[in-house]
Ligand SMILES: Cc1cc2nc3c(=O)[nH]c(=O)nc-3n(C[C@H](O)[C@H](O)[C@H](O)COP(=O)(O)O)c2cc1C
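We begin with a single chain expressed as structure tokens, specifically the form predicted on its own.
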């Protein structure tokens, strides 16, 4: 399977990028092809302007060259994996902007569905699961990201996997990397 791994973090040495690398390595070891889209490194512009705003009256609208390149990158793959840190109980703006600009009406939702049946979101959370469950932040993220984006776009096998506790102890990053490797091996 060809997998597009989309990474959203500004620091080259971030745990987020290490998670993406661990996932990709395990997926490759299982025989998958992996293409990485590093949105920050590639300087993807997340700002939705008029040229890329969905036109509800024209589902076949032609979008900007930058968006058409992203659509083509998605279409040459068979699955999408997004790797990102949890910021404000959601994803970073650059990844949300990528979805806003690229997952357009008429291409990812509306008359058509997102081209991939399988999409995995891997969120890296600083705090432990208990912190998220205490105020239902985990449920809010599931509703917003898995239901509000993946289900809405007709992704048949879409899910949000949150890897908790990145800042809770010296061994926490290693446990998260182990989980990322397991996700890649099971994909």
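Quantities reported herein were computed from a predicted structural model and do not represent experimental measurements. Residue numbers count along the first chain shown, from 1.
The protein also exists as the form predicted in complex with the ligand; that form is not presented, and the subsequent description refers to it.
Asker: So if I measure heavy atom distances to the ligand in the predicted complex, which of the stretches 127 to 135, 32 to 40, 64 to 72, 144 to 152 falls within 4.5 Å?
Answerer: Looking at the partner contacts, the answer comes out as 127 to 135.
Asker: So, residue 175 and the ligand: in the predicted complex, are they within 4.5 Å at any heavy atom pair?
Answerer: Close contact is absent here: in the predicted complex, residue 175 is far from the ligand, nothing within 4.5 Å, heavy atoms only.
Asker: Can residue 115 be called a contact residue for the ligand in the predicted complex at 4.5 Å between heavy atoms?
Answerer: So residue 115 does not count as contacting the ligand.
Asker: So in the predicted complex, is the ligand close enough to residue 109 to count as touching (4.5 Å, heavy atoms)?
Answerer: No, no contact at 4.5 Å.
Asker: So in the predicted complex, does any heavy atom of residue 179 sit within 4.5 Å of the ligand?
Answerer: No - in the predicted complex, heavy atoms of residue 179 and the ligand never come within 4.5 Å of each other.
Asker: Using a 4.5 Å cut-off on any heavy atom, which residues of 78 to 102 would contact the ligand in the predicted complex?
Answerer: Contacts from 78 to 102: 85, 86, 87, 88, 89.
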